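First, one chain by itself: the form predicted on its own, in C-alpha cells.
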Amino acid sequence: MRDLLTLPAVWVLAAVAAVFAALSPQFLTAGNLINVLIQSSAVGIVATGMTFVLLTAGIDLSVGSVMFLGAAVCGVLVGGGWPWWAGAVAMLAVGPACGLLHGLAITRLGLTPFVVTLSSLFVIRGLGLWVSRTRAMNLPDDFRQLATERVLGVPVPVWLFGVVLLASQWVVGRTRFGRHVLAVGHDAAAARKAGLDVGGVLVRVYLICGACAALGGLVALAQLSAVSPTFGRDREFDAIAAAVLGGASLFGGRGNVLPGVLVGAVTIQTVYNGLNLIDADPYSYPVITGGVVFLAVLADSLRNRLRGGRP
C-alpha cells in the first residue's frame, strides 16, 4: 500500500479521474469504470511485456506491428475456414516468434534494441499488410466471446490481465530470472563479469515481450471482432507510456509490474475514455495524453532525485 501511494502515477490518475468526473456525469458510473478496466487489459498486457524489456535498459518499438501481423494471420486463417480458436492459437504463436528473432538479432549480431525493433516495426507491419492484402476482415461472433464472456462475474479480458500481472510480478520479484533481469538492466557489463548469461536473459525478455504483444493483440481483436490495416498502430507508444507511468526506468534496472503497469495502463485508458465522453477533438488526444505522461514521469524523476536515485 505504501508503494502504491508513493507512485506519482496514482496521484496523476486520481487527478485525471476527478477532472473527467466533473466534466461528465457518465464517467463514474459502474458500467463506464468496468469498460475502462476491460479496455485497459490489452494495453496493460502489452505494457507488462514492455516492462521486462525496459528493465534490461532495452526497448521494443515493434509491439504494435506484432499485434497487427498476428491479427492478420488470424483473420486470413479464420476467413479461410479454420475454426476461430485455431486462428487465435496461430496469432499467439506469432508474438514469441518475433520476440525470439529480436532477441537473437540483438545478442548474436550485436545490434542495438532501438535499431532492431524500429526496423521490424516497418518490416512486420509490411508483412502484415502483405498477408492481409490490406483489406479489412470481419471475424465470426464466436471470436467476440473472448471479450464478452464473464467468469464469476468478471470479464475474461480482466482475468487474463490479472493473471499476466500476477505471474509477471512473481517472476520479477521472486525468481532468479527476475533478479538477473534487474542485474542486466543495472549494469550489463558487471552482470557478465559476475557470470550471468546476459545474452540468454535478453533473448528471453524479448520473447516474453513478443508473447505479451500477441496476447494483448488477441484481447484487443476480440473486442473489435475485425482486422483493419490500422490495427495495432501506435500501440507501442501506449505500452511504453503505461510502463513508464508505472515506474519502469528507461535506463533499466528499476521498475515493477504491480502496481506499476496496472496504474499506468488504467491511467492511459482513463484519459482516452474521458476525452471520448466529453466529445473532445480527436486530434487533441495525443497532446493531452502526452502531457499526462510527461507530468507523471517528471514527478517520478523529481522524487528519485530527491532520494538520491537515478532519474
Partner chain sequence: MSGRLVLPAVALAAGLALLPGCGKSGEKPVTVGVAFETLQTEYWVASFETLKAELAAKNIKVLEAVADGDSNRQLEQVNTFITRGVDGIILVPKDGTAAMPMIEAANAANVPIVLYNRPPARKEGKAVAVVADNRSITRDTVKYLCELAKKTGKKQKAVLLMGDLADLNAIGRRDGFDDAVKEYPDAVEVVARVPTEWNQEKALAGLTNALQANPDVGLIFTSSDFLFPSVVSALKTRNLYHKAGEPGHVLLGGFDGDATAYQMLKDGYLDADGVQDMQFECMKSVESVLKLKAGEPVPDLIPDPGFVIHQGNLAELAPRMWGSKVKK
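Numbering follows the first chain given and starts at 1. Predicted, not measured: the structure shown is a model, and the values here were computed from it.
Keep in mind that the form predicted together with its partner chain is missing from the display, and what follows is about it.
Its partner chain is not drawn, but in the predicted bound form it has no heavy atom within 4.5 Å of F251. Its partner chain in the predicted bound form comes within 4.5 Å of no heavy atom belonging to G210.
Within this chain, L196 is remote from the site of its partner chain in the predicted bound form, having no heavy atom within 4.5 Å.
Contact annotation: T175 falls outside 4.5 Å of its partner chain in the predicted bound form, judged by heavy atom distances. When contacts are defined as a non-hydrogen atom within 4.5 Å, all of A136, Y272 and L277 contact its partner chain in the predicted bound form. Though its partner chain is absent from this view, in the predicted bound form it lies within 4.5 Å of a heavy atom of just one residue from L182, L146, L129, A105, which is L129.
Just one of L224, A188, L77, L92 comes within 4.5 Å of its partner chain in the predicted bound form, counting any heavy atom, and that one is L224. In summary, the region of this chain contacting its partner chain in the predicted bound form, judged by heavy atoms within 4.5 Å and restricted to 228-236, 92-100, 164-172, 111-119, corresponds to 228-236. For the partner-free chain shown, nothing in 201-216 comes within 4.5 angstroms of its partner chain in the predicted bound form, judged by any non-hydrogen atom.
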